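Starting off, we have a lone chain in the form predicted on its own, written out as structure tokens.
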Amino acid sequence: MTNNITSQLSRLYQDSSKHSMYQSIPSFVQEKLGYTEVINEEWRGDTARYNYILEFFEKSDFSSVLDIGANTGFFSHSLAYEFPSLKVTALEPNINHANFITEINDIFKLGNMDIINKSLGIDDVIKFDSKFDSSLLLNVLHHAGVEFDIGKINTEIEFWDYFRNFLNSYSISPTIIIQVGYNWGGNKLKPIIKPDCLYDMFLQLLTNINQSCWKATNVAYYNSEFKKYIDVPNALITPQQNQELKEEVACWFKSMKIEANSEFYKRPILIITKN
């Protein structure tokens, strides 16, 4: 019976779509079913990101979370299992991955978790009638115009306008945990910001968030030595960067050895709240 379950999960997980074989399998699923998929966490992984998010949730009093672009549900499942009283809703447009999430929900009877098989573009945000305490928006928006919101953004040059418009339209939750990739649609030939320009990405994120109706309360980068995300000092989280602050940020980046990270681990995690 277990072999049939794991075979079905593996078939849904490895569906050969663009974003298949992307997320880790939650630890409780690995332990209880003996099912896992190999992810090279030296290059890209979920463990360090989840630990950072988990620590934030442990200090918060959230009763609900919306996971946008949930993929195979690593974050949704992990949070739902860790916090049985937390209402978790996963949005995932890939039907195989949505079915994967449903299978895990059914096997482990995660009654506090729902799955919606759809993407969430700007028009959907405006019409979305449910409210949550928090949202996960991890590495989704740089795919706008390619994977969803086709025609809303036509070139990588238009990305930051789209980014601000999306945030200004977003009233589903007062807190978002967000990550953005360096390349439009994941295409290295169409960089939004070149991956070696760490400070430019840092400043663009802060500036454009500040120009919307949101503000950044935390910005964290991955440290390969400790294998965890570490917050940028609060004094450096300001879009009003002068030369002295720029040098301090550069010095902090150097101390964290962020330049040596893979492109994925160069992406900061930001916690933003409504102004």
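In case it trips you up, residue 1 is the first one in the sequence shown, and so on. Note that this is a predicted model, so its numbers are computed, not measured.
Although it is not shown, the form predicted in complex with a small molecule is what the next lines describe.
In the model of the complex, which of 151-159, 196-204, 78-86, 119-127 comes within 4.5 Å of the small molecule (heavy atoms)? Going through the listed ranges, the match is 119-127.
Find the only residue in E103, D133, D114, E147 having a heavy atom within 4.5 Å of the small molecule in the model of the complex. Only one listed residue qualifies here, and that residue is E147.
Please tell me which of A220, V29, A48, I68 lies within 4.5 Å of the small molecule in the model of the complex, judged by heavy atoms. Selected option: I68.
Although the partner isn't part of this model, could you tell me whether H19 comes within 4.5 Å of the small molecule in the model of the complex, counting any heavy atom of the residue? Residue-level check for H19: yes, a contact with the small molecule.
Just checking whether N139 would be counted as a contact of the small molecule in the model of the complex - the rule being heavy atoms within 4.5 angstroms. N139 belongs to the contact set for the small molecule.
Residue contact check: G185 to the small molecule in the model of the complex, 4.5 Å heavy atom: No, no contact at 4.5 Å.
Looking at the partner-bound form in the model of the complex, is P174 within 4.5 Å of the small molecule by any heavy atom? Looking in the model of the complex, residue contacts with the small molecule do not include P174, since no heavy atom lies within 4.5 Å.
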